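Quick setup: one chain, the form predicted alone, written in structure tokens, and binding and motion questions come after.
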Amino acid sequence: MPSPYYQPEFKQHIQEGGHRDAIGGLWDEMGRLQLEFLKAQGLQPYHRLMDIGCGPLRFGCLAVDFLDARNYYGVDISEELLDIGYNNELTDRQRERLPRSHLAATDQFDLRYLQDTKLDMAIAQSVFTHLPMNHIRHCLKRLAPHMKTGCPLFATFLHCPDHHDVTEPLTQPVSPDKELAVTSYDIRDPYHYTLEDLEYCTRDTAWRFQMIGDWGHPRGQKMAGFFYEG
């Protein structure tokens, strides 16, 4: 199914100021959650960070201030979201710290714009939840040449536990004080995956999969770690 990001009504919605809602809302909550998680995993200001699926810079607005100037990079499927985030969500000072050339639109995880830049860390928040398995493998393959050895990609996903039939819909567990739960599927968006599925994505690659688990996501997404071993 084509991404809704390509639909004219989506583009009109974000041009009319709906970009925060278009990426799922929770603007302040999710931005802070990602930054605090990465800091707990060792993110330092001098690190170079890639934000896969960065959208209108919900997390990027905070990361640009935390990281040293020019150390944040982002890619997204939507050029419109990148433009709106850069022009509307960043301050003049933040734009001085983040060149527009550090953001690129791609629907195939094309990271050649990085050239020789080597990344210390990457995050893909609510990206793998919308991807078939082969697209996850493709993401890992495209990212690998740009990662320093031993460095991680942290990616959220919707977990299908072993006791559940993976081919059946699954209502994701969330705490009672959070929003309505998301229902995930095997062969349509939003996708759920077993741990074996994600481990399989790393076979015959330079990546090592590690389950991290709960990290406080309000819609029940779990966190996975993929560590580049060179």
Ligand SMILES: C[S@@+](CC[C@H](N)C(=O)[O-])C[C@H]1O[C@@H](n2cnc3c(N)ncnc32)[C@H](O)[C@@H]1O
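Small disclaimer: the values here were computed from a predicted structure and weren't measured. Sequential numbering from 1, following the sequence displayed.
Keep in mind the form predicted in complex with this ligand is missing from the figure; the text below concerns it.
Partner proximity in the predicted bound form, defined as non-hydrogen atoms within 4.5 angstroms of this ligand, places exactly one of 69 to 77, 89 to 97, 114 to 122, 143 to 151 at the interface: 69 to 77. This ligand in the predicted bound form is approached by V127, whose closest heavy atom lies within 4.5 angstroms of it.
Taking non-hydrogen atoms only, C54 approaches this ligand to within 4.5 angstroms in the predicted bound form.
In the predicted bound form, this ligand sits within 4.5 Å of a heavy atom of L131.
This ligand is not drawn, but in the predicted bound form it has no heavy atom within 4.5 Å of A155.
Every residue of the trio I23, Q34 and F109 has some heavy atom no more than 4.5 Å from this ligand in the predicted bound form. With contact defined as any non-hydrogen atom lying within 4.5 angstroms of this ligand in the predicted bound form, the stretch 212 to 227 contains no contacting residue.
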